[in-house]
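Heads up, the chain below is alone and in the form predicted alone; it's given as structure tokens.
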């Protein structure tokens, strides 16, 4: 059971103390408090843990400070979209960019940062095409210990400096160790917080539970978590729940294809039909990563690249974020060059995504007009 409290309630207020005093008297029930501190409003939720079946919504609704009571109906207690009375937000804002289940952001960029020149070419193209988000890999976990694993902290200063120069507001950047979060924080401070970072938990680390806990405990940066490497959707959603239970609710869930040879010749079996499933089960915005799903620049007879076809599948299913790999010279890319689009192809990608998004919005309007939707 979740108790949603009045906005800006203070932990030292008389009413709040009365509330917690009454909660402490509940038999076989403990509670956990989560506070979301915004620039103007602080939101507080209290999670009751234990045998709450005997508690009625009505008796909890009259407790001091309580404005709403939500009965937990999904296994994802914090992030779940519960059936009774759960109209909590399915969006958040970070560094002037809104992430929600009802909008769409494109993160085109370098899978791995390999030079200042590549970064600047990408940032300039993004600005020229009206984009304020990108993906930039500084830390790259690799299957082979001999493969390039990213420049790490060495490249952060110029990545953040160039982001500020070209008006990029959010960079999706994978971390593989808690120390990387500190390195990102220090580099941002050194560049005057020229941009913002969305920490990315890659598919190999989706079940690195200690990393999930550490990243979840910080609330400075939002988190994008990818579906795990060949594990079920439920297991991956529970990984996102690890982040949320530690305090960070600003989470985007990313589908990136399932690791199986059933997807051959693509790199992974595309799982974008799960976009509406994740939105139905949780309140997280949903991202898709067509580049790592397809893994090559194959082109269909209709002239469209497979990556564009797959990106459109995700968008027309309602995806809220698209991550796509680009590089000025894919043949020279140090990571995943065969799947990278040319920087000159960015306008085509954006126009194609806009067509798919328009189709999704028309489909959603049509569904809302049906008698069964009322």
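Since this is a predicted model, take the numbers as computed values, not measurements. Numbering follows the first chain given and starts at 1.
The discussion below concerns the form predicted together with a small molecule, not included here.
Residue heavy atoms within 4.5 Å of the small molecule in the predicted bound form occur in exactly one stretch of 133-141, 215-223, 272-280, 163-171, and that stretch is 133-141.
Out of the listed residues 248, 236, 118, 203, 203 is the one that sits within 4.5 Å of the small molecule in the predicted bound form by at least one heavy atom. The partner is absent here, but in the predicted bound form a heavy atom of 111, alone among 175, 258, 122, 111, sits within 4.5 Å of the small molecule. Proximity of residue 180 to the small molecule in the predicted bound form falls outside the 4.5 Å heavy atom cutoff.
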